[in-house]
Every structure is written in C-alpha cells, then in structure tokens.
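Take a look at this single chain in structure tokens; it is the form predicted on its own.
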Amino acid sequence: MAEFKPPQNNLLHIEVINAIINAIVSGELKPGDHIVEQHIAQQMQISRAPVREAIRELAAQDIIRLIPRKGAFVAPLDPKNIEGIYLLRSYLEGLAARLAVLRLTEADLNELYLLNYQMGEAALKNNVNTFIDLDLRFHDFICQHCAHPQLKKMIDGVQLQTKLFMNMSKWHLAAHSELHREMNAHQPLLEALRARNQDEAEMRMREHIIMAGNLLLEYLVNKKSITNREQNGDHVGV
C-alpha cells in the first residue's frame, strides 16, 4: 500500500493530489488499486475533506475512477487517451503561444530563456524534480501571457493529466540517465517567440508537445512489452 506523508503547507488538497500522482508514477499505486480516503487522511494527518476534494479533481481529469458504492480506483493508462490529451494540449498551448508572441516583453523573454537554461542544468545533473518544476513553470508562463482567460481555463482543465504524464516520462528518462535528451526541446519555440513570429511559435509549441506525447507512449509500449515477457517467464535483461 502506498505511503502518504503529512503535508508541508496549507493547500491540503493540492498536497494530496501531488502525493497520489507521485504514488502512481512510482508504481506504489497501480491501475485498479483502491484509493482509500481514510488511509490517506490518517497517514497525512489531515481530515478526509481535502482528500475527498483531491479525489474529485483527479476523477474529473480521468486519473481516478469513481465507482458507485465501491469507491475510488486508479484509472488504467489508455494510450488512446494519452494521445488524445497531448493532441488537445498541442492545439490549446499552440494557440496560447501564438497569442503570447506579441505580449511577451523583453524581460518576459529573458525569464523564459532563464527557465530554459535552468532546465538544461537540471537535465545535466539528472535532477528530475527540478526539471519537471521548471518545465511546468515554462509552459505556464507562456499560457499566463496569452491574455485569454477562457483558453487558460481550458488548458488548466488538463493540468493534472499533464503533470502525471510529464512525471512518468521524465522519471523514465532520469532512471536511464537520459534526461539530457530534453535539454534543447524548447529552443525552437524560444527562437520563434524572440522573432515575434506567431505562425512559427504556434507550430513549434505544437511540435514540442506532440513529441513529448510520443516519448511517453514509447515508454508505455516498452514497459508493457517487458511486463508481458516477465509474465511469460522470459528472461529480461537490466
């Protein structure tokens, strides 16, 4: 059973969401596992209310399934769903990049370049937690500057799935000391933003997100293949 630690701040349901996502990424919680409110609340030393709120938010983004009279369960990872989410993100964030192009100041661009540089440093050190945090901040910075509240709300609507999928793919790379593969992923987008080219910025953002989705799908296919071989009793090299 997954272990949940007491929260470190007052945003309790956010802490619970992060804890559940981390447990799924680490494999402590697997598809089909029962999410027990009382167990999480006791381990995190909080009431059941923020746990219930976290489960509702995760269920709204299909990370958890709520089954009447049975409870909450970790939803299976469906490659078609993952592909669909990344396709949706590519269009939404592509539009956000297009709209942000003419609104980003030189100071804003410098901030994006700094985030990209810090991501490179984290990648070289194989520091996955820092890399993921910087990556999320990079994308959110652009979305915040699109000046389109409805679009931002739609992007936020897949935020938890984005975080889960990003954690899975980046931890996979880090486990194989290959996080450096992501070092220059934002460079074409940054150049388009610097050139104030709306068409190019939208295209580069879309390409970047689709490539990230393909990387995760590749990992899941390989993982399934290894699992099948293990179940069939075949020798799997490490």
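As the structure is a prediction and not an experimental result, all values here were calculated from the model. The term rigid core refers to the most C-alpha atoms you can superpose between the two forms while keeping them within 1.5 Å. Residue indices: 1-based, along the sequence shown.
Keep in mind the form predicted together with another copy of the chain is missing from the figure; the text below concerns it.
By the criterion of a heavy atom within 4.5 Å, residue 181 is excluded from the residues contacting another copy of the chain in the predicted complex. None of the heavy atoms of residue 72 is located within 4.5 Å of another copy of the chain in the predicted complex.
Among residues of the shown chain, residue 91 is one whose heavy atoms approach another copy of the chain to within 4.5 Å in the predicted complex. Interface membership of residue 200, defined by any non-hydrogen atom within 4.5 Å of another copy of the chain in the predicted complex, is ruled out.
Stretch-level contact check against another copy of the chain in the predicted complex with heavy atoms at 4.5 Å: of 57 to 65, 25 to 33, 208 to 216, 181 to 189, the positive one is 57 to 65. Taken together, 84, 150 and 154 are fully in contact with another copy of the chain in the predicted complex: each brings a heavy atom within 4.5 Å. Checked against another copy of the chain in the predicted complex, the candidates 99, 77, 128, 115 yield a single residue with a heavy atom inside 4.5 Å, and that residue is 99. Counting a residue when any of its non-hydrogen atoms is within 4.5 Å of another copy of the chain in the predicted complex, the hits in 29 to 54 run 52, 53. In the core-superposed comparison between this form and the one not shown, the C-alpha atom of residue 76 has shifted by at least 2 angstroms. After superposing the rigid core, the C-alpha of residue 86 moves by less than 2 Å between this form and the one not shown. The Cα shift for residue 165 between this form and the one not shown, taken after rigid core superposition, is 2 angstroms or larger. Inter-residue distance, residue 50 to residue 136 (Cα): increased by at least 3 Å in the predicted complex versus the depicted form. In the predicted complex, the CA atoms of residue 62 and residue 152 draw together by 3 angstroms or more relative to this form.
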